[in-house]
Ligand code: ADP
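Let's start with one chain on its own, the form predicted on its own, as structure tokens.
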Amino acid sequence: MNGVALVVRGLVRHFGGVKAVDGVDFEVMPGECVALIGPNGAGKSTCFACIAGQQRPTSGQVLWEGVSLLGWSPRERLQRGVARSFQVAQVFEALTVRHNVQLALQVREGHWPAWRPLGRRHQPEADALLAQAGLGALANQEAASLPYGAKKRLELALALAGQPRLLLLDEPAAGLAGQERQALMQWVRKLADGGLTVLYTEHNMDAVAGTADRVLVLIEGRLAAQGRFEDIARDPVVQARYLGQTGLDFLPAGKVGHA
């Protein structure tokens, strides 16, 4: 991999006297899949929100392909190749599954908001994305009627409709049962293997082991460790402050295999 895709430098986010994020530095290379983890209250969600644009940092920089992401609107981010998902799946529940993806494809064309008759616009491309998501058989079903795991896959299909180069995933496996988590994270791994740069937060260690190329561990707002999951699971600070011995349970038998 050549160059650096995402650069986070001196990221700080204070809430009054509380230092939720306290000087975080890291880089993500093109095509790398990186997990951001940490105990509750570690600043993980705040750090991710600053990167993804939901919060503005007190200080520091977030650079994507050499340009600051700070202050970009969602539309500008999509146009620059940055897409994201949310911890709770965000889909258009009143529309069919296919129309959800058609709408996202229409937005990519620059129609924002995109409340135009969908008809057969982009239908072949939408169906291809639904097939990739394993939702082809549900294309004509209303999104509101989908089980939660299917909504998670649909949300990821919506993000991919924008043809992103950087995918930011906020706890992609949250709320999913074991087999659903494994299937979704295998898809994420496959996307990274295809060249997509991925940064995601996660609490489920079986969605980190075997999926992430590298893991970043935040503790008390600071980067406490980084490296392969095998390394951070054995790190004495991470064991003492976060994982305990449970991280070792995923070495190697509990790993999510590469797709």
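Residue numbers here begin at 1 and follow the sequence given. The shown structure was predicted, so the numbers you read here are calculated from the model rather than taken from an experiment.
The same protein has a further form, the form predicted together with the ligand, not shown here; the description that follows concerns it.
For the three residues 57, 61 and 63, a heavy atom within 4.5 Å of the ligand turns up in the model of the complex in no case. Between the options 198, 232, 42, 208, the residue in contact with the ligand in the model of the complex by a heavy atom within 4.5 angstroms is 42.
Heavy atoms within 4.5 Å of the ligand in the model of the complex map, among the stretches 190 to 198, 208 to 216, 33 to 41, 223 to 231, onto 33 to 41 alone.
At the 4.5 Å threshold, heavy atoms of residue 237 stay clear of the ligand in the model of the complex, well away from it.
Residue contact check for residue 20: one or more of its heavy atoms lie within 4.5 Å of the ligand in the model of the complex.
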